[in-house]
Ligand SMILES: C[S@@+](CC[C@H](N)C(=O)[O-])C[C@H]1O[C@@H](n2cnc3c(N)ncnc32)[C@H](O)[C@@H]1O
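Listed next as structure tokens is one chain, alone, in the form predicted on its own.
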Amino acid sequence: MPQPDTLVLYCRAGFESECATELTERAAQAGFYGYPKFERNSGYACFHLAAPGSALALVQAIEFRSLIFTRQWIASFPCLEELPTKDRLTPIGRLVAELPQCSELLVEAADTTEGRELQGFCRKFGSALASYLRQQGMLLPRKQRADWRLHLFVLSGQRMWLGVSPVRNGSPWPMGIERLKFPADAPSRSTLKLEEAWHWFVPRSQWDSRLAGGMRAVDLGAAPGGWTWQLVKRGMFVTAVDNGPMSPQLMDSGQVEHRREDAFVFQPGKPVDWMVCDVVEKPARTAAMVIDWALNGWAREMIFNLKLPMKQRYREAEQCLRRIVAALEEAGVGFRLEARQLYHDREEITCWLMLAPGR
């Protein structure tokens, strides 16, 4: 019987190399060795482990939230090739019996054009497979808690990856994507980047205290106001810094002061609760600006995007993050720093920095 010896990593199409490189390095640090394999623009990468059956251990050894480019991961059997179209359920069921018990089944496809064309099949086959597995006693009742989540990652009607992800160490959303609705009155679609960042970096139970009405925020590179709109929606008072024009509706709110200045030169008169930044600039320059804000204590929390170059994107991201960490540690500043390539990001990653109280 085959064993789960592969990690299947969902990612943004075009970032398979960054996803695979990051996981390979993190696995080696945890004492797991193997080799990555991927096709560009496929929306996923694989990491094949040298030790048979060690995939389950690896997804428990690395903290999922520490990965930047992986949307979801599954500890999988080798790819199921040439499944018989007349009976896919039986061979899949034989393998499910070898996996940890689960109460939830997700049948997914890659976030690509080809993957979207498979969504109809995924829904229909997922319903049939879940019913079959429950009848066979291989899928627990829906309301029963389990430590693992069952995944079937579909490449075609005959090619699929079958595996599991840890419920408490993986993404809770299908395909690793939290779906958000674009607000019709927001000035730009970039507004969803900040909303998604809040969902990822700020526990929902803390929104009322950490994203509270009456707080002060600075939006660097604000025009036309997609991120400012989110801050205003939360009841904050915003200094929007940009030489470009802001949305008239935002200015009419009475919560926004527009400063036509260079975002990299601007300094707040007094510390604020939040600084957010989505400026299109070299990532090293953005990192240097964030360091200045942190060392001067100008904001308690920050969310900023690092726009990545066409080549060496993973290395550039790592270098910028290490530069921030090194500067704050050298200065004795307490902090937390996390980074993530969000669904609404493109050639960029989103970072969150929180300074320790009393800074």
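The numbering used is simple: start at 1 and walk along the sequence shown. Fair warning: this is a prediction, and the values are worked out from it, not measured in the lab.
FYI, the form predicted in complex with the ligand isn't displayed, but the following is about it.
Choose one stretch from 93-101, 161-169, 107-115, 186-194: the one whose residues place a heavy atom within 4.5 angstroms of the ligand in the predicted bound form.
It is 186-194 that comes within 4.5 Å of the partner.
Using heavy atoms only and a 4.5 Å cut-off, determine which of F264, Y132, W198, F121 is in contact with the ligand in the predicted bound form.
So the residue touching the ligand in the predicted bound form, by this definition, is F264.
Considering V279, L83, A146, A212, which brings a non-hydrogen atom within 4.5 Å of the ligand in the predicted bound form?
Selected residue: V279.
Since only the chain is shown here, I'm wondering whether G221 would be in contact with the ligand in the predicted bound form (any heavy atom pair within 4.5 Å).
Residue-level check for G221: yes, a contact with the ligand.
I'd like to know if G226 sits close to the ligand in the predicted bound form, meaning any non-hydrogen atom pair within 4.5 angstroms.
Flag for G226 set to yes.
Against the ligand in the predicted bound form, would V241 count as a contact residue? Criterion: heavy atoms within 4.5 Å.
Judged by the heavy-atom cut-off of 4.5 Å, V241 is in contact with the ligand in the predicted bound form.
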